[in-house]
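Before any questions on how it binds or moves, here is one chain, the form predicted alone, in structure tokens.
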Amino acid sequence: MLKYTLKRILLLIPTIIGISLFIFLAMEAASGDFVSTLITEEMTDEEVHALRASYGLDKPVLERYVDYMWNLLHGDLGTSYTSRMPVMELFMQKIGNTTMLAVASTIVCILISIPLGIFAARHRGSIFDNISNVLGVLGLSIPNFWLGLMLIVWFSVQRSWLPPGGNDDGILSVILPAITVGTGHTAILMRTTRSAMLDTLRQDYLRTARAKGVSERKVINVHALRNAMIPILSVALTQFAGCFGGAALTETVFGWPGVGKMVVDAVKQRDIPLACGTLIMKCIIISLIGLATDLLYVVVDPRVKTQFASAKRGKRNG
């Protein structure tokens, strides 16, 4: 297990290098840079060159990239061009809002997916099973930005029930963004719940429980669901990582002051250190969530632990 964990952590290094290099090259290929947003008609060529040099943009892109990676190895994510503040400080200011949205979105996803998955498994092949599958696919197919705009129109503009954006109204502010993000992840978790429940419902111990007079509700919600929770829990944690990393459009639509919106703004403003540093931190967090999911799976499911042990013994014997 220790070797597996270290291997997963070391895989972060090429991932970080790839992400940072892609951002540098993509922004270099785009028309203009950060200084181009500051240039006025009154500025001379010398003043423009001096301004570009003050941000280090007079150097070739690969030289700037090497300098950035060298600073990154020393724990420095750089300084934002726009705010002149350390990227890590700006990231820490926004990470709490993104985490809140990810948690709320995952709760919405679970509240929709697990009941639908259980219901579909209990009524396999029926019209209810087909309807639940259609609802799950619709949640996956509808674009987040369109659903977010429709929710704003329905619940904020027409009825004034919920705030249209920002986070000034506490828990009420997160409801619409959480529904927007959470519904987009329902299909996978619902299908996983359905499949896990179908496998569990075929087990002999459930027939024994029914024969002993245990109520059907207890058979489903206690015995069957408890034994089907391992794959469901694994996918739910993966969905949490997806909600954490894929909410940029939703944060922009709702003006939610999170990390995703900050990345979008940084790209628009050609703020390379802010965009690069923020995406690197998101990548690290999402990778650690994935690692924690895998380790939890091994701890919860003894069969996986046995597979690790068997593979280790096989290598020794070989």
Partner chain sequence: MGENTVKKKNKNRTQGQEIWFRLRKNIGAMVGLTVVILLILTAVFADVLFDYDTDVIGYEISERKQAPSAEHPFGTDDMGRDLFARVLYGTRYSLSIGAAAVLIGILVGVPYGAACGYFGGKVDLYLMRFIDIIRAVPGLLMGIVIVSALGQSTFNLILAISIGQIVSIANITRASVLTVKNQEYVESARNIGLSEGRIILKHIIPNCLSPILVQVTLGVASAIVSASSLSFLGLGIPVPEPEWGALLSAGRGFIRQYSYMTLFPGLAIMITVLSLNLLGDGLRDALDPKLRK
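Positions refer to the first chain, counted from 1. The shown structure was predicted, so the numbers you read here are calculated from the model rather than taken from an experiment. We call the rigid core the largest set of C-alpha positions that still match within 1.5 Å between the two forms.
FYI, the form predicted in complex with its partner chain isn't displayed, but the following is about it.
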Under a 4.5 Å heavy atom criterion, is residue 73 part of the interface with its partner chain in the predicted bound form? no
Given that the partner is absent here, does residue 252 sit within 4.5 Å of its partner chain in the predicted bound form, heavy atoms only? yes
Report yes if any heavy atom of residue 78 sits within 4.5 Å of a heavy atom of its partner chain in the predicted bound form; otherwise report no. no
Residue 9: heavy atom within 4.5 Å of its partner chain in the predicted bound form? no
Along 256-284, which positions have a non-hydrogen atom within 4.5 Å of its partner chain in the predicted bound form? 263, 264, 267, 268, 270, 279, 282, 283
Take the rigid core as the frame of reference and indicate whether the C-alpha of residue 125 shifts by 2 Å or more between this form and the one not shown. yes
